[in-house]
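For reference, the chain that follows is the form predicted alone, supplied as C-alpha cells.
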Amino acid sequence: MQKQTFKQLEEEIYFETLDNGLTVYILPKPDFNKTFATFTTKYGSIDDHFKPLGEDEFTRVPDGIAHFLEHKMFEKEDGDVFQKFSMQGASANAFTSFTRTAYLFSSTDQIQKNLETLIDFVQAPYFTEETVEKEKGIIGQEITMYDDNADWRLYFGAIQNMFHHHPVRVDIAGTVESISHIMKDHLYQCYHTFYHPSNMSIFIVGPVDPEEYMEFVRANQASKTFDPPQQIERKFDDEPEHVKVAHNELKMEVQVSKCMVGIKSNEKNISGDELLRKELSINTAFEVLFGKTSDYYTDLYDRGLIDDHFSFDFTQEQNFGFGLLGGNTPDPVKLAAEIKEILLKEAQNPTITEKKIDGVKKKNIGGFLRSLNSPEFIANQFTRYAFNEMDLFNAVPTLETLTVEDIHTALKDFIKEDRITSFFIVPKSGGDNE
C-alpha cells in the first residue's frame, strides 16, 4: 500500500492496485462521522463502440445501454439491493455520466458490511430477458420525463448542435426506441468488457483505518476469480472541429425563453496536468467574464437580458470537451449575440488582468477547500480526476500557479467562431417556428 501526502491540505491518501487490476483509494477522515464509498467503472454513455472482451471485432451497442446496465445491477435473483443497504443503515445510489458509472453508499454504521454489499453486488451481474423487458418500461418513463424538462432539453440541444458524430451528443439514457433494442446478452457483453476490476476503482473516505480496510478489500477480491485483464479498445468516428449546427431552437411549454451558447473544444487525447490546467484556465476565464461580480454580468443583468439563473461551465474529458453559458432571457437572439461577441473579443483582445484572476482564484480556492468537508464531493470528484490521470488534491496548487498568460492562451485556443453554437427554448405561444 502506498501513501501520498498533501501537506498544504493536510490530507493523506492511501492507495494500492490489487493483483486483479482493481485500484483502491482510502482517505482517512478521523473527524468525520459518516463514511462514503464509491465503486466506479470507467464506462459511460459514450462507450458505445468497442471490442468486447475476448473478441477481435468491434461491435456497436444500442444508445443508453450504460445507464440501462446501471439500473439492472441493483436487481438480483433474491431481491433488490437497495433494501439490503437500507436494512444495514446505509443510503445507496448510482449514476451514469458520459464517461463513468458509479455505485455508492454512505453510512455511519456497519461500514464493512455495507462495503462488502457494495463490492459484491457490483461484481455479481444477474440479468434475465423478463427483467430486462420490464426495465424498458421504467427507463422509458424516465426518458419521457426528461423530454419534458426544458433545462435538460436546452443542455442537450446545445451539445447536439456542437457534435457531428461523437456519442456525447446522445442523451445518456438513450431514447425509448434505442433501449427497445437492448437484450440480456448486450448487458452481459458490456458488463464483462467494462466491469473488469482493471477498469474500476474503489474510493473510501471517512473515519476508517487504511490498513484494516485495504486488507478487507484485498481478502474480498482474493476470494473471487476474474478473467485476465485486457486492454479495452474503444472506437470513435472522426469528429470535425467546427460545430454541426450554428443555431437551432425548440418550442416548449415555458413561460420565459431560454438561451444556451455552446463552444466546442478541439482538444483530443488530453489528460493529466495538461487537462487539469486547461479546465481550470477556462473555468477561471468564464468566472472573470461572467461571474456575478463581473462587469459583463452586471451589464446584462441591468439590461434585463439575464436573471439569477444565468450559469456557465466548462467540461473537458480525454476526447471531447465543451463550454456552455446561458439561462432564462426575454430575448435569446440578443443574449446569444452578446455572449458570442464578448467571447470572440476576449479571445482576440483579452481584457482579463492578473488582478481580476487573483480575486477569482481566491474565491475558487476557498470554495474548493469548503468542498473538502463533504465526503460525497471528495469521493465523486476524486474518481473522475483519477480516470483522467489527474489528482483532485493538485487542483489548489494548480489554481495558485495559474497566470494571466495561461488564461489568455486558453481562451485564444478555445474560442473560434466556427466552434460556437446557440440553442433556444422558446414559448409555444411566442412565435410561428414550431
Partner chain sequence: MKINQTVSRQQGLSLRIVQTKKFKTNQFVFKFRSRLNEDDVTARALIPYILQSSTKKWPTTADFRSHLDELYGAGASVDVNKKGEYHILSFAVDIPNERYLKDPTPLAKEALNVLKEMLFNPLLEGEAFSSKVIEQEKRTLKQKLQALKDDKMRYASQRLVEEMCKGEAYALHPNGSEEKLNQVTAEELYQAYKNMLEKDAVDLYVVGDVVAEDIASYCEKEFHFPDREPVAKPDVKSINTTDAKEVVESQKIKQGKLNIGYRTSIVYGDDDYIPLTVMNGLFGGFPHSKLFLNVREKESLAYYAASRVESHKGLVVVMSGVEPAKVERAAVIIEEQLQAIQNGEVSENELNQTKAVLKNQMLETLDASRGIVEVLYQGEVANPPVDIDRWFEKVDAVTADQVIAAAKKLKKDTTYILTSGEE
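Small disclaimer: the values here were computed from a predicted structure and weren't measured. Positions refer to the first chain, counted from 1.
There is another form of the same protein, the form predicted in complex with the partner chain; it is not shown, and what comes next is about it.
Exercise. Given the partner chain in the model of the complex, answer whether the residues Ile138, Gln141 and Tyr301 all have a heavy atom inside 4.5 Å of it.
Key: Spot residues vs the partner chain: full contact, yes.
Self-check item: Among 401-409, 27-35, 43-51, 382-390, the region lying within 4.5 Å of the partner chain in the model of the complex by heavy atom distance
Solution: It is 27-35 that comes within 4.5 Å of the partner.
Quiz item: From the list His192, His309, Lys235, His247, which entry has a heavy atom within 4.5 Å of the partner chain in the model of the complex?
Solution: Here the answer is residue option His309.
Quiz item: Since exactly one of Asn349, Ser223, Gln255, Gln231 fits, which has a heavy atom within 4.5 Å of the partner chain in the model of the complex?
Solution: Of Asn349, Ser223, Gln255, Gln231, the residue with a heavy atom within 4.5 Å of the partner chain in the model of the complex is Gln255.
Self-check item: Partner contact for Ala90 in the model of the complex: the partner chain, 4.5 angstroms, heavy atom
Solution: The answer is yes: Ala90 has a heavy atom within 4.5 Å of the partner chain.
Quiz item: Are any of the heavy atoms in Gln112 no more than 4.5 Å from a heavy atom of the partner chain in the model of the complex?
Solution: Residue-level check for Gln112: no, no contact with the partner chain.
Quiz item: Just to confirm, Asn266 within 4.5 Å of the partner chain in the model of the complex by heavy atoms?
Solution: No, no contact at 4.5 Å.
Quiz item: Does Val333 reach the partner chain in the model of the complex, with heavy atoms at most 4.5 Å apart?
Solution: No, Val333 stays farther than 4.5 Å from the partner chain in the model of the complex.
Quiz item: Which of the residues spanning 332-366 lie within 4.5 Å of the partner chain in the model of the complex, based on heavy atoms?
Solution: Contacting residues: Gly359, Lys362, Lys363, Ile365, Gly366.
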